[in-house]
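One chain is shown next in structure tokens, namely the form predicted alone.
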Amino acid sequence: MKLDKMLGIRYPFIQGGMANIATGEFAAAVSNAGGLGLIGAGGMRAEMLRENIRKCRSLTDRPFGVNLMLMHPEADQMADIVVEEGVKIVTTGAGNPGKYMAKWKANGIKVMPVVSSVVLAKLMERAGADAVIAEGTESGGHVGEMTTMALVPQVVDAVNIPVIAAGGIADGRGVAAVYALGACGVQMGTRLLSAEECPIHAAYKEAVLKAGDNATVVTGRIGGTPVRIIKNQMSREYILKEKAGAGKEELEKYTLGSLRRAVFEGDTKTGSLMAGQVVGLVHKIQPIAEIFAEMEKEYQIVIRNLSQEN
């Protein structure tokens, strides 16, 4: 079953739960455009999450969900809030949602953890997940090691629940490719940074539009906290220090508050401009509805052309 049918949405597209970006308003805009909007709890306190859920519900009557980062210090409270507020779809990252699963399932919540390996995908299936989001290292923000092309088919072969592909998908060609790998839909973040409704600073959006194919770099690989961002002064200094053997505390001065500086202040020099490797495919600011319709049209053209060639 394709993701759109499974979730009751128009397009098989999920918006990534980007911390400090995926607000209730943005999630509602995505859902109103026919995708699944997610509220990113990663940059929120527990009560902020509650407020954003209520805001989202006031702006859309379509399905939406919450992305919960399980390493968040208020994760337990947030896990209760999604139940209390009647949220029906939860995606998770940075941990195992097993301890919340029985409560969530008892309240009719679909749970779709983000995974970066086959081992984790199998663990999530055993825990009771309804689907998994297999995210390749091409994605922006916190990343694993495996590419989407390698990860998705191996996860598809390993589990008996639906697999959603993420990482490196920004147009209809990418959608067609992950369908061929066995995915039932896609999650995207980088393409939506250029959406008119996306709340990031104009300077951040401009950096996305100007970025080329080799514009991103992963910081933190040596220390075990890999994050993909657009190259800038901060990333260069961070990597130099990291290679020189700097400790965690010294490196933290570069990253502490850096995402918020990028999102809210438009700091393109020392801010963390999270974006995936497909950023070089993002060329213009568009309404979300136009982005989705364009991707769907491109996908149909690709499929038609492939069938004609055969």
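Residues carry their position along the shown sequence, with the first being 1. Treat the numbers as computed from the prediction; the structure is a model and nothing was measured.
Not pictured, yet referred to below: the form predicted in complex with a small molecule.
The stretch from 87-95, 73-81, 231-239, 175-183 that comes within 4.5 Å of the small molecule in the predicted complex, counting heavy atoms only, is 87-95. Within this chain, residue 118 is remote from the site of the small molecule in the predicted complex, having no heavy atom within 4.5 Å. Interface residue remark: residue 211 is not counted as part of the site for the small molecule in the predicted complex, having no heavy atom within 4.5 Å. Shown alone here, residue 274 lies within 4.5 Å of the small molecule in the predicted complex, counting heavy atoms only.
In the predicted complex, the small molecule sits beyond 4.5 Å of every heavy atom of residue 111. Among the residues 153, 199, 144, 220, the one placing a heavy atom within 4.5 Å of the small molecule in the predicted complex is 144.
Interface residue among 278, 33, 53, 69 relative to the small molecule in the predicted complex, by the heavy atom within 4.5 Å criterion: 69.
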